[in-house]
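Shown below, as structure tokens, is a lone chain in the form predicted alone; questions about how it binds or moves come after it.
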Amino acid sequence: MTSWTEFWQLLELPAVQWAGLALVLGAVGLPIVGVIIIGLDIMPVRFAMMHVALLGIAIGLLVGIDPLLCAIVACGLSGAALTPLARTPSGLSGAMGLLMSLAIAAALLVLSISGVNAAGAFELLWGSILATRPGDVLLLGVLAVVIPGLFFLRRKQMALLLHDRELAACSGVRVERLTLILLVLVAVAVAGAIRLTGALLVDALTLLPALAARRLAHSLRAMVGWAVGIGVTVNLAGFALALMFDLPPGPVLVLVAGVVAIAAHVVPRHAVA
């Protein structure tokens, strides 16, 4: 276990400071993305975007462009391409499975043709909070402004869409455009979170705070507030514990977020009403 003196010395390191700032910014926008994922019932989107991100990374390594930038662009374009499928009876869940299969096949094909080391490409998906770069912080900062801003400007329309797509359309909401915006934001946010915790642990920043908030809140606005509050608390507490006990931050964040989510479901509803 790290002593308090060593802990404060760690906090003075630039890498730790960048990571902490990224986690705080991520906690402002990414839990709202989790609320959107739950509302649109697109839980598989995290896995779909992981595969699409791998394809973007493979293309980036092939052409010599920043792989993570290519991953974000690929995820954004995929989110936009999924919009028309939201009108189908099967919704987006089936499309996510198809996207996962096509993306991983295309990624492996690109890696095979290019001769790029596949292990190196997969390593970029595991993420490393302490490897956070200024560009990553800038992306999360933009998301921390855009996502809450969109929610508060379009809160009523989003509430209708997340509750019932047909009701939203009948109420005059431009469902197609709003769905497009939300899917692109979700895809880009998931890709941005990959840098911090890795693709397999992205739920710690997005879904788990939203799941806990859904249990505690009684309105969409309250759910967003709870999700952001839980996200900030979990990120800072998990990161501090990882530094103090010299543990990998990603898994610790997931475990702390998971404990909070479970605790929220144990608390009786009337206790938080």
Partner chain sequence: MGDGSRVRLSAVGCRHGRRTVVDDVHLDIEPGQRVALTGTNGSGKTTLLRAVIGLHQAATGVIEVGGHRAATAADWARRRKDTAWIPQRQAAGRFPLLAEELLESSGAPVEANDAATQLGVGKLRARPLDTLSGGQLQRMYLARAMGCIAAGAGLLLADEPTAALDFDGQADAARLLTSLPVTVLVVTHDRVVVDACERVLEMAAGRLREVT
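Keep in mind that what you see is a predicted model, and the values were worked out from it rather than measured. Residue numbers count along the first chain shown, from 1.
Only in words, not in the display: the form predicted together with the partner chain, which the text now covers.
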Among 161-169, 103-111, 178-186, 130-138, the region lying within 4.5 Å of the partner chain in the predicted complex by heavy atom distance: 161-169
Heavy atom within 4.5 Å of the partner chain in the predicted complex - residue from I59, L216, M244, L40: L40
L211: touches the partner chain in the predicted complex, heavy atom cutoff 4.5 angstroms: no
is_contact(A27, the partner chain) in the predicted complex, heavy atom dist at most 4.5 Å: no
Contact test in the predicted complex: I230 vs the partner chain, heavy atoms, 4.5 Å: no
A240, heavy atom within 4.5 angstroms of the partner chain in the predicted complex: no
